[in-house]
Structure formats: C-alpha cells, structure tokens
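Only one chain is given next, in structure tokens, and it is the form predicted on its own.
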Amino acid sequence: MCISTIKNHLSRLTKLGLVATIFASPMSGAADKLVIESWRNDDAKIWNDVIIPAFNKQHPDINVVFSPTPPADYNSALQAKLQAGTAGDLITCRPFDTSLALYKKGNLEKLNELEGMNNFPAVAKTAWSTDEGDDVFCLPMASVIHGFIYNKEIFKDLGLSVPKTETEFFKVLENIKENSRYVPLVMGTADQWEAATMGFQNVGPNYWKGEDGRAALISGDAKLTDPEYVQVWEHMAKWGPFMGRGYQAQKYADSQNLFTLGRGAIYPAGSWDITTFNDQAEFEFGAFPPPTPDGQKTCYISDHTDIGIGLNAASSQKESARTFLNWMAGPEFAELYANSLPGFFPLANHKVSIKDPVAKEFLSWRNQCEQTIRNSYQILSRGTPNMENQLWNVSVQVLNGTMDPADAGKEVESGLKAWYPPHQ
C-alpha cells in the first residue's frame, strides 16, 4: 500500500472518529433516568410540579419520572413488572408484609447502609424492616393519624364543645341527634374497611394501651377476648343510632360527600381525608383525637406508618437512586411533602412547619398522646383466616347490631388461634 493511500485511510478514520465523538457526546452527558413506581396516582401533579423540580435544583443530572398505577391494580401490576424485569428503579412500599414479601423474594435492595436512614427513629422503620429488625428495605416516607373531623359551624350553632372522654363523646352525639337535623356520626358500613380502620383502629389504642397492647397481642400474652378488646367493640356498638338512616348501604365516597355537603357533624377520619375536605367543603372544620375511657389520663393515637420507598434490586441506576433516597431523607423533602399533602406526616426526625391548620391539629397529638400503629398489620395477618379481613367483618357486624361485642372477640381470636402458635 502506497503512502498516499495510507494517509487517505488515516484521514477517513480520523474524520469517522470525530463524527463518532460528536454523536457520542450528548449520550455521555445524558441525565440518568429514575422511574418511580407508586399507587398514589392522585399525587402525580405534586411529584411532577413540586418534588422532582426541587430535587433537580440540586441534581440536574438525574431525570426522575413518577409513574403511578391505580391503587387497586398496584400490587398485581408491580409483581408483573418485577417478574418481567420492567419495574422502575424506585418502588413505593406499602407497610409491613406486602413489602417484606418483596424483600424476601430479592426484589428490594437492603438499605441498612443508606446514610439517610440515620434520620429516622426505630419505630418509623418498623414497617419496612425484617421481623428481627436486622434489615431495613424501604425508606419511611409518611404516616397517617386517626381521629375525628368535625363541622365547626354545627358545633358553634349547637353550643357544643369538643369531647375529650367517652362519656362526653356520646353526650355530644346525643345532643346533635336530639337538637338538629344533622347526622351526628358520618360513616357507613357498605365498604367494610372503614369499620375497622376508622372505627376499631381509631378508638381502640386507648383501650389496649397502644404499643404495649399491640406487642402483647403478637407475643400471645394478650387475647382478643380480653376486656381491653371487647370494650372497643362495646364502644362501637353504641355508634349505630347516631350514624344516620341507611348507613348500612353507605359507601366511603358517600360518607365523604355527606360530610362535605354539611349534612353531618362528626366524621371518623384518617388524616388523609383533609385534602378532600379542603377541596370540597365550604365550611370550617377541625379535628379532635379519639376520646379516652372515663378516668384515663394517658391518651393513645394510631399514628400509622403508611408509605415508604425502596430500591429495586434489579435497577441499573442504583447510585442515582441512592442519591434520590438520601435527598428524600432530608428536611427539604419532609417540608415539601407535608405541606403538599396535608395529612401525610413525615417520619424523619426533622422539625417540619405544617401550614394547614387541621393537619397541624392532627400532628399536635404526637406531643399529647402515646403513638402506636394498627395492630393487625405486623405479623398477625399473615395466615388464614386473615386477621385484618376478620376485623373488617366483625366490626361491621357490631356496628350493624348483628353481632355481640364479646362474640366479635371470640371470632377473631379463634381465627388467630387457627394458624398462629403464640395464640394456640
């Protein structure tokens, strides 16, 4: 080959190299892409307009995409994506067993060494830790608090004060029933879950003494036939006369509509209802914690670990995902999330300024009362029959007046005894 031919080849290779470099440069500088799987499809605007832009101010090189699935489809859709290898990099985690199962299958990365985990107390990590507490697999995001939301205008018109004890609570309900056209207690039993979630798990912690009672149930030292559980259903059995005509056919959305239309006085609530009522109610509303049994000085609230976020073990963007998780563990995310979604309370140790007055009221109970979580969520609903589902069923029957409170305790205890050794 002559020298001129060699020079021509070198010249062509040099040009091709330059062209390749030119086309490769944008790819090498492209932002990493992180996809978040979530069931909170109603949060998309907040993530896209508030949370992700705030993160990108510090990390413009990481492109975050919020990709939600409707809540009812989330578990099955996520399982299918994980099996197919198409799931996002970050997985929004339900509390306890659902996410624990994903971790045991190898779908979620262990996060013990994630620096941001140091910002969370042990109780916040319980919902996303192994039973022994050795490994944590999701970053805690937020909890929800149970209590009662009330129409301040109705209370003012009737000269009512916020009840603090069980006796005061039923006196207020009786007053509303006798002296007004309003439904005293707005809740239905058609969807079942409200009976357990906003009934049993709402007022119950005051009777079984929060975490001590929950731990005793897990260890087998306490039974659901014990007085502290039967008394909860006895309390709930007195709700029926105050729940309005046809409450047995009333669904969750019906209850929300009834309250926001100003036709009901008190709504057994989760703090997640605040946003709905802010958007729809045209009256001022407030909140009060579950009434305590007469003579009891210590109050207990259900401050339930509700939502976390984990790292897909198959993600190809683990470094960027950890960067995002560490940012989520910081004070900026806590402040943004709490004020963008009133009623969802950060679990990190940061001091957060809550702007919404009703959310602030819910949060203030942490300083007044002992906190616990729903007692059916850790360990006790793994077998058949499922304790959570049993609580739905018996609580509905108690509210409907078709089951005696003592029989409710016997039925759930019998179900637990069928598969759970500490109760055998």
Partner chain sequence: MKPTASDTMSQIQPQADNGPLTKVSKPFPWHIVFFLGPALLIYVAISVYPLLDTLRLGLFSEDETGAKFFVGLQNYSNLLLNEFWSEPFWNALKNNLIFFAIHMALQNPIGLLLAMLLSSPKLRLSGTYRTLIFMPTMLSVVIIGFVWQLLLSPLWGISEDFMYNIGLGNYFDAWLGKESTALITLSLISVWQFVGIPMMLIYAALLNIPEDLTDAAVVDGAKSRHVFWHIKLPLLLPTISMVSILTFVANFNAFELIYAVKGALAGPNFSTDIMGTLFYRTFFGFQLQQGSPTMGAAVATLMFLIILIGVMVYLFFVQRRIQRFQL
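This is a predicted model, so every value here is computed, not measured. Residue numbers count along the first chain shown, from 1.
If you look for the form predicted in complex with its partner chain, you will not find it shown, but the lines that follow are about it.
Considering its partner chain in the model of the complex, which of P227, G133, G159, G246 comes within 4.5 Å of it through any heavy atom? After the contact test, the surviving option is G246.
Check each of A215, A101, V123, I354 and return the one that places a heavy atom within 4.5 angstroms of its partner chain in the model of the complex. By the 4.5 Å heavy-atom cutoff, the listed residue in contact is A101.
Pick from 314 to 322, 334 to 342, 190 to 198, 109 to 117: which stretch has non-hydrogen atoms within 4.5 Å of its partner chain in the model of the complex? Among the candidates, contact is made by 190 to 198.
Any chance all of K164, N326 and R366 sit within 4.5 Å of its partner chain in the model of the complex, going by non-hydrogen atoms? Result no, not one residue of the spot touches its partner chain.
Tell me, yes or no, whether T372 is in contact with its partner chain in the model of the complex, where a contact means a heavy atom of each within 4.5 Å. Output for T372 is no: heavy atoms all beyond 4.5 Å of its partner chain.
Check G409 for me: does it contact its partner chain in the model of the complex (non-hydrogen atoms, 4.5 angstroms)? G409: no contact with its partner chain in the model of the complex.
Any non-hydrogen atom of T384 within 4.5 angstroms of its partner chain in the model of the complex: Taking the distances in the model of the complex, the answer for T384 is yes, it comes within 4.5 Å of its partner chain.
Applying a 4.5 Å heavy atom distance criterion, does D73 contact its partner chain in the model of the complex? Yes, contact at 4.5 Å.
Partner contacts in the model of the complex for 242 to 279 (non-hydrogen atom within 4.5 angstroms of its partner chain): Heavy-atom contacts within 4.5 Å come from R245, G246, Q248, A249, Q250, K251, D254, N257, L258, L261, R263.
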